[in-house]
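First comes one chain, alone, set out as structure tokens in the form predicted alone.
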């Protein structure tokens, strides 16, 4: 079993009356690719800065391999950081940018050559050694930044939204590259992003944060399939979130109907939140469905249709390859394993249906001159 390389214990960071982190407890294992995920202002970048040594908490301890590192400056920690802006030296070529840290440490020239050659091969930049930084693409500059960070052989590499400036296709390519580099190095990567798909793609472990508090920690599959509360369910992918009642083990009620589910351990008739992912709902003929509704919106997204169905005033999203038309009466069928039951939380009733996808949004008005 892997040991913890970093532990944050009861960490509080406050700016005046505002608590950015509130009694945060977090453990990160050696050799993991961990992603801290959350909306802007949730505390994820502050957490990274604490680990790097660029900030100190108001309360709590930060342990690195069991030793408290609060007060130890960044350059004395076995941690390197890659920021959104790569901070490469424009007057140095690729080779010299990568070698810079080793030269500062007065590493022998032969060792520098060997180590630079190793990391250049690792990040697929062979042949670019003498290239000016200004003549590199965004993805190539990203690779130089990674090479410069890992050549010092840190125990932990921190990445603060380093792919944010890249276009969509290059971003996906670099996600694969980062994962491969992490596997080859075998060191701990701690990656910060607000991009849910990115987190699910590259991570061994995902930490979902909001309001300075960890909402859930788990594998990408656990986070997606078994969200702990309405915030996580809504933030990670698309979700239909409904209020329901747990009638008994394996039996729940929502939308005025009873459904068999796979959940248990709740009190009899306990109020709960229900999550059903859009891809787990089958559209069937109206009279054959467990639920009946009317199609209010249809969007074609290439791979599938996103269809909004009004059932008793609640707007469901369904993702399907079967085309429907606005105004069609349809039925919905939901298998037991598609229903996920959650405890009520402070986020209950804050997230739910897809009214914003319906035709109920007030249309934009134009005057006779065609102006808004």
Partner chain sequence: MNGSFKTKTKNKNKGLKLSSPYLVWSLIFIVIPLFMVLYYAFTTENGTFTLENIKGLASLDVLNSLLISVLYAAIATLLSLILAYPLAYYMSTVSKISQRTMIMLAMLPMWMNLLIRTYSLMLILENNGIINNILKALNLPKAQLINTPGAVILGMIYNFLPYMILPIYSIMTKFDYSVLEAANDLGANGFQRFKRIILPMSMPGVISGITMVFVPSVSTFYISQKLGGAKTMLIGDMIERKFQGEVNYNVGASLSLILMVLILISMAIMNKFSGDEEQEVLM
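It should be emphasised that the depicted structure is a prediction, and the values quoted were computed from it without experimental measurement. Numbering follows the first chain given and starts at 1. If you superpose the two forms and keep the largest set of C-alpha atoms that fall within 1.5 Å, you have the rigid core.
The form predicted in complex with the partner chain is left out here; the points below concern that form.
The partner is absent here; in the predicted complex, the one residue of 224, 83, 95, 266 having a heavy atom within 4.5 Å of the partner chain is 83.
Residue 79 is the only one of 159, 79, 123, 207 with a heavy atom lying within 4.5 Å of the partner chain in the predicted complex. Residues with any non-hydrogen atom within 4.5 angstroms of the partner chain in the predicted complex fall in just one of 46 to 54, 31 to 39, 300 to 308, 329 to 337: 46 to 54. If you check the partner chain in the predicted complex, you find a heavy atom from every one of 75, 91 and 103 within 4.5 Å. Residue 148 belongs to the set of residues with a heavy atom inside 4.5 Å of the partner chain in the predicted complex. Under a 4.5 angstroms non-hydrogen atom cutoff, the partner chain in the predicted complex lacks residue 175 among its neighbouring residues. Using a 4.5 angstroms threshold between heavy atoms, residue 87 counts as touching the partner chain in the predicted complex. Although the partner is absent here, residue 286 lies well away from the partner chain in the predicted complex, with no heavy atom inside 4.5 Å. Shown in the overlay between this form and the one not shown, fitted on the rigid core, is a CA shift at residue 257 smaller than 2 Å.
Taking the rigid core as fixed, one finds a CA shift for residue 76 smaller than 2 Å between this form and the one not shown.
Annotation: Cα of residue 133 displaced by at least 2 Å between this form and the one not shown, core superposition.
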